[in-house]
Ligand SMILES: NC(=O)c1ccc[n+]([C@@H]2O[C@H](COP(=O)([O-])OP(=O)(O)OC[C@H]3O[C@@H](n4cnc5c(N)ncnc54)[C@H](O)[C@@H]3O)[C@@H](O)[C@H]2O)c1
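Below you'll find only one chain, the form predicted on its own, shown as structure tokens.
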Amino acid sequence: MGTLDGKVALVTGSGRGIGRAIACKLASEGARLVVNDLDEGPARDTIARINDMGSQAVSCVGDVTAADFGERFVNLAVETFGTPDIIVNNAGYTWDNVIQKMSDEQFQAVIDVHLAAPFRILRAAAGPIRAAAKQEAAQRKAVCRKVVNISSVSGVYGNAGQANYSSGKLGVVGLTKTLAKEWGRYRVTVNAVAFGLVHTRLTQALENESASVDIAGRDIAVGVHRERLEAIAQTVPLGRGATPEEAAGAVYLFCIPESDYVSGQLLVCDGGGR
């Protein structure tokens, strides 16, 4: 018996990195998953891992910033498994520059993925969640649902070169605290996790070469020069960045029954770095 047996979980950006680790952690505890990635291949790989654990998963491939994505994502969950029990808004990326060199497009694209996309997904989920909560109340059933929004220490403390990312990541904290107040009546807890350095393809160590990924037709630079990465790690009391699995553990804390009375909170997961 898993802690999350029978639960329906939606995780954006779960084809790779932290999102994949979150999806697999929830699945390992019995949850059924709707996974998402921009590309079909990574989503399919995550589903294969979940199936190997003995759980079930389906994919909703596509860009979370698309106007219709929230409805499509939530509807797939409802039609396949039932009302969502857990929603993790994880998808995102960085597109850095100092403010005088940052274009409107660059600022807005990052705001869209980190703030507008979670807003649309949660708005789409409001109807099914409210309907289920009313039915459960009439039947005197106690069901607690969970929302976990992913923030960053850049949003909490700011970070040079990340006016767009920091703004979006702090904005999602405001969204979190507001929905905790709006959705408490439906027995939904809404919390956020702010990560520090987590080792993924977006923070891969670079020597002298550069690396990039294609996101919605944009060539986005990724990675951190090794010297800079080592310097950041030295500021962390635990002496290193987190693994994706350790990051997933922080999200998992907000998904289990033991946190049913914790809502509207921001957990900073950075190894004690600030």
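Model, not experiment: these values are computed from the prediction. For every residue, the number given is its place in the sequence shown, counted from 1.
One more form of this protein, predicted in complex with the named molecule, exists but is not displayed; see below.
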Check each of Val113, Val190, Leu122, Ala77 and return the one that places a heavy atom within 4.5 angstroms of the named molecule in the predicted bound form. Val113
Find the only residue in Thr200, Gln106, Asn159, Ser167 having a heavy atom within 4.5 Å of the named molecule in the predicted bound form. Thr200
Stretch in contact, per heavy atom within 4.5 angstroms of the named molecule in the predicted bound form, of 151 to 159, 98 to 106, 123 to 131, 179 to 187: 151 to 159
Applying a 4.5 Å heavy atom distance criterion, does Tyr93 contact the named molecule in the predicted bound form? yes
Test of understanding: in the predicted bound form, would Val236 fall inside 4.5 Å of the named molecule by heavy atoms? no
Does any part of Asp68 reach within 4.5 Å of the named molecule in the predicted bound form? Heavy atoms only, please. no
Partner proximity in the predicted bound form: Val64 to the named molecule, non-hydrogen atom cutoff 4.5 Å: yes
Across 7 to 35, which residues bring a heavy atom to within 4.5 Å of the named molecule in the predicted bound form? Gly13, Gly15, Arg16, Gly17, Ile18, Gly19
